[in-house]
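So this first bit is one chain, no partners, the form predicted on its own, shown in structure tokens.
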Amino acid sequence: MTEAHFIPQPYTKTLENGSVSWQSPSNIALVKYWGKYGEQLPKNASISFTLSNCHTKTTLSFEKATSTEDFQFEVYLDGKKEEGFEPKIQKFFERIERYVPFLKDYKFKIETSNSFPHSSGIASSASGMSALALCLLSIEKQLASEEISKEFFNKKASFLARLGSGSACRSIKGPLIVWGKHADIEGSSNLFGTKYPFEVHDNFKNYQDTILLVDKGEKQVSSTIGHNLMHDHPFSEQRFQQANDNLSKLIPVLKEGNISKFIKIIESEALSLHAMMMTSMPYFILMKPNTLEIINRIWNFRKETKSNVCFTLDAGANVHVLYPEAEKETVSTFIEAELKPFCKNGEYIHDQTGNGSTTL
């Protein structure tokens, strides 16, 4: 498919007003994408676990606009008007207008709330932008002259979400989503996320993710700036190759249920992501002392108990503790006893893999 497939035929139906609501989850990348080109396209393929408990609920209300010269919208977070979000939505609407040509015909009220603390380091842009994209697709479905299939609906929602936030395209469905063209995965695309098509061992079903909130402040480095640092990075091409190779290695691992090999790939990916930021110009260390303390304690616990617990990181200080459902009780006890003291205000969030977005 190409971008042109997502440009709709002229609408034949009209709507005066209405509202639609979606709930969409965050996701955590196992093989990371870091570096993009063109309009939100990834330099390497990635794969992620779709989460369940960490989600965004968005209601999009609309009424006919009196003027169609500009985008008209207001954004509310937890009932409070948030003008700080407006530039990002403005840019998003500018990017997608070609594919959603009714945007200037309506005045929108975007009401959103997260199940997790804002600026907690959890990817709220992924859940938020995917929820908004799904709301817009629901409106288009009501305006369209032809029936929109469920498959096309999900692809276009993922395509639009990507133009708001790259990782958002991986939040439409679950539990394992691939984004980025990869030679070993037929149907994979740079334009949208696709469900992982191969066999997955029971060891990886209902996988657990406890997010340790080490640092709850605003991001030290925005994702946009971070990705742009890859353009002139001395190790960027090797990193893109490494990520694609790791995704190839993960295919038999997921099929065979080999958790020890899974751990090596996933932890290496997390540390490689941070290594790229530490070796960029300008350079950043996004981990905090408590991040390193948690990692070392996970390694020690794994060595002493033969547990299958491991970690991954996003582009920040927080730690995602990953472990099989069979170890839920023992790892939860370990987190409460040994890792909680290194979380800000002792806060962490228990989550697990989920199946993606739902209409409300």
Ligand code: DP6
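All residue numbers are counted from 1 along the displayed sequence. Just so you know, these numbers come straight off a predicted model, no measurement behind them.
The form predicted together with the named molecule exists for this protein as well; it is not shown, and the discussion that follows is about that form.
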Candidate stretches 302 to 310, 59 to 67, 32 to 40, 288 to 296, one within 4.5 Å of the named molecule in the predicted complex by heavy atom: 32 to 40
Partner-contacting position among N190, Q220, S125, S236 - heavy atom within 4.5 Å of the named molecule in the predicted complex: S125
Contacting member of C54, V331, A315, V321, with respect to the named molecule in the predicted complex [4.5 Å, heavy atom]: A315
Complete contact of Q9, N154 and K156 with the named molecule in the predicted complex (any heavy atom, 4.5 Å): no
Touches the named molecule in the predicted complex: G166 (any heavy atom, 4.5 Å): yes
Residue contact check: H227 to the named molecule in the predicted complex, 4.5 Å heavy atom: yes
Proximity of L273 to the named molecule in the predicted complex, heavy atoms at 4.5 Å: yes
